[in-house]
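One chain is shown next in structure tokens, namely the form predicted on its own.
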Amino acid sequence: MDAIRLDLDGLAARVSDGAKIALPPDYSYCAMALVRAIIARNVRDLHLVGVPALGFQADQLIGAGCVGTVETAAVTLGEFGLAPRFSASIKAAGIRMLDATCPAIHAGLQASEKGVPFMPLRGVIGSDVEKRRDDWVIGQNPFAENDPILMVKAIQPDFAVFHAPLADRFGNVWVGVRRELMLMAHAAKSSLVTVEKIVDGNLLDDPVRAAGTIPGLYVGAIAEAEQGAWPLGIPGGYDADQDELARYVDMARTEDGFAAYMAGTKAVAAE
């Protein structure tokens, strides 16, 4: 069966107020064009899950007022420093923050992937992060005495949202070595994916690409979007636009600057 193919606006229209969305870190495959389309729809109260960290995507969604909750191990713009709209929102108590760690995020998604209510984890017990998460539970290892273990509640996003280099007409999406995208797609109820190119063949029939391909049964809909990760890059495809990223960080230090940047980006996208 052929995949559901939409344009960017059609893909963004599937995201409703209050949706829980899993997003990859900036060094992975980020659907920046789709994020801008979601912002344009004025969606509200999103719950963002960083897998395991968040960056430019989250900062723009937060700055646009689309986000109610952030659950992640970190929010960072890497060499560009702090995420300005996230930082401002945290200081103003404008969003709910659920601090986590990289292993905890992965454990919660793995629980959902496996269809179980929680995943056991070590290394967090006694930390400030654990103390602030009332949805995590410390129990006893049933196979040993005096061995406490942390149980991380399953994380099931409504959507995994990401970009990829390639998909086929059946909705199979090639992500190569980006295993966090595999996990996101398996754990989420559905995936909304933009791709650089859609081909006619079946990627799962290709012995070279099959291992790095997410089967279409995990993908709700796809949209072709050339340069869809811009101004971020595609590892092995095209580089990030460093000048544009620096311009965003500079302008987004203030609300007015952020609004001006987003208005300008929207105008460029419409041309």
Partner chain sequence: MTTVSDGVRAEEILIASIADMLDGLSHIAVGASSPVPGAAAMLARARHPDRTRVSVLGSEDNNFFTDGGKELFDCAGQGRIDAFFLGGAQIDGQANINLVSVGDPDKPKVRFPGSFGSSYMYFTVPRVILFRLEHTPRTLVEKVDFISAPGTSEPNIYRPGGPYALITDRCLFHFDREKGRFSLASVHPGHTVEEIREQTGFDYDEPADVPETRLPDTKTLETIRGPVAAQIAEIYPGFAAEVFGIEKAA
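Numbering follows the first chain given and starts at 1. Keep in mind it's a predicted model, so treat the numbers as computed, not measured.
What follows is about the form predicted in complex with the partner chain, which we do not show.
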Option touching the partner chain, based on a heavy atom within 4.5 Å in the model of the complex, out of 137, 116, 90, 199:
90
Give a yes/no on whether residue 158 approaches the partner chain to within 4.5 Å in the model of the complex, heavy atoms considered.
no
Wondering, does residue 75 line up within 4.5 Å of the partner chain in the model of the complex on heavy atoms?
yes
Taking the partner chain as it sits in the model of the complex, is residue 165 in contact with it (heavy atom to heavy atom, 4.5 Å or less)?
no
Consider residue 71 of the chain shown here, and say whether it contacts the partner chain in the model of the complex, taking contact as heavy atoms within 4.5 Å.
no
Can you tell me which bits of 118-144 touch the partner chain in the model of the complex, meaning any heavy atom within 4.5 Å?
121, 122, 123, 124, 125, 126, 127, 128, 129, 132
